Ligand SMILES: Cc1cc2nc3c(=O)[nH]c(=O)nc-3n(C[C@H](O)[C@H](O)[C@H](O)COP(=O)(O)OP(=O)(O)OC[C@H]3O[C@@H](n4cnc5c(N)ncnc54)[C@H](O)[C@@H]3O)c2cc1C
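Below you'll find only one chain, the form predicted alone, shown as structure tokens.
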């Protein structure tokens, strides 16, 4: 069993973690970044880190090449030990990581909601399909519908189109009035307005259907048709693939295991990104879904604060608070409509890992009982998909997090 130690350890190699590493390395000589992927970049820069023009990525690459930041990739943290030690599973076995200060930059995952046919081959998560394509999955000539809610729909549609997909429609459940208000809000942020205008220009010719959502999908052995509800009327689109996702959920499992306080489902932090646990900081999506810019500035603040550069951190408070407000605007804009709670039928699978249908889950009054009696949430994803769905469908809380927070080999335990 290997043991690694660093003054500042950062869990997560996405934008927030990268920004934290660069900031911390300006002061500390012992910084390590731990990520569960083969390469850094997170979901947004995955497989394209060296090609991105983002300054955080360029600085991180320079810092890595100079040897001032240690990288530990393909490492999944699954447990917490006494004495500021984390246990991680790697291809070479268990690794223990000892830290003086810890920065959590664990990012977010997609929220999925069940509807009839959502387990058919050809139905993907919005971000999931994008990740697959970045890894070499071909979509050239495929007819694709991108549906759900949130700004990720536009970014994914543009990326898929650039890879040769025929994007038939972008389906947004939010009403047009909220989208217009978001447009007015973008006018207060010129950089975002320019980004939005450039993105929309690349999507010319693709219908953008607001007040619209997927009600079901159909097909014999794979996806053939998507059924929609558009402004109160049923419609259908024949397609080869559906990318569907309903905004993002924070990855707070490690923070919960450490004992950090949560509020409204997010990790609670102070002005310096400190959690309720001593020497533990958190940055990026786990503290609130607010986009790339918020993640970068929060990561920088956390890196500076953990390294003792409080003046550098304090100088970024105003910028951070501005992007957090933008995150709240996004939450209001893409709030899920109540109709989405009633899409699942009795035979619709809710827990994909354990094949638990909606009819069995709805017999119970809370998540714990449903889990005990049906095994819902006890599969490999540990409730990350069905737990979030149950929270939206029934208003349930999914309960405490227990180790291991990911599936691991018995020898690693």
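Residue numbers count along the first chain shown, from 1. All of these numbers come straight from a predicted model, not from anything done at the bench.
We do not show the form predicted together with the named molecule, though everything after this point is about it.
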Interface membership of residue 16, the named molecule in the predicted bound form, 4.5 Å heavy atom rule: yes
The named molecule contact in the predicted bound form: residue 127, any heavy atom under 4.5 Å: yes
Heavy atom of residue 313 within 4.5 Å of the named molecule in the predicted bound form: no
Partner contact for residue 107 in the predicted bound form: the named molecule, 4.5 angstroms, heavy atom: yes
Stretch in contact, per heavy atom within 4.5 angstroms of the named molecule in the predicted bound form, of 211-219, 69-77, 238-246, 269-277: 69-77
Partner-contacting position among 166, 132, 155, 258 - heavy atom within 4.5 Å of the named molecule in the predicted bound form: 155
Answer option from 345, 26, 36, 354, heavy atom within 4.5 Å of the named molecule in the predicted bound form: 36
Triplet 284, 292 and 405 all within 4.5 Å of the named molecule in the predicted bound form via a heavy atom: yes
Any residue of 304-323 that, in the predicted bound form, places a heavy atom within 4.5 Å of the named molecule: none
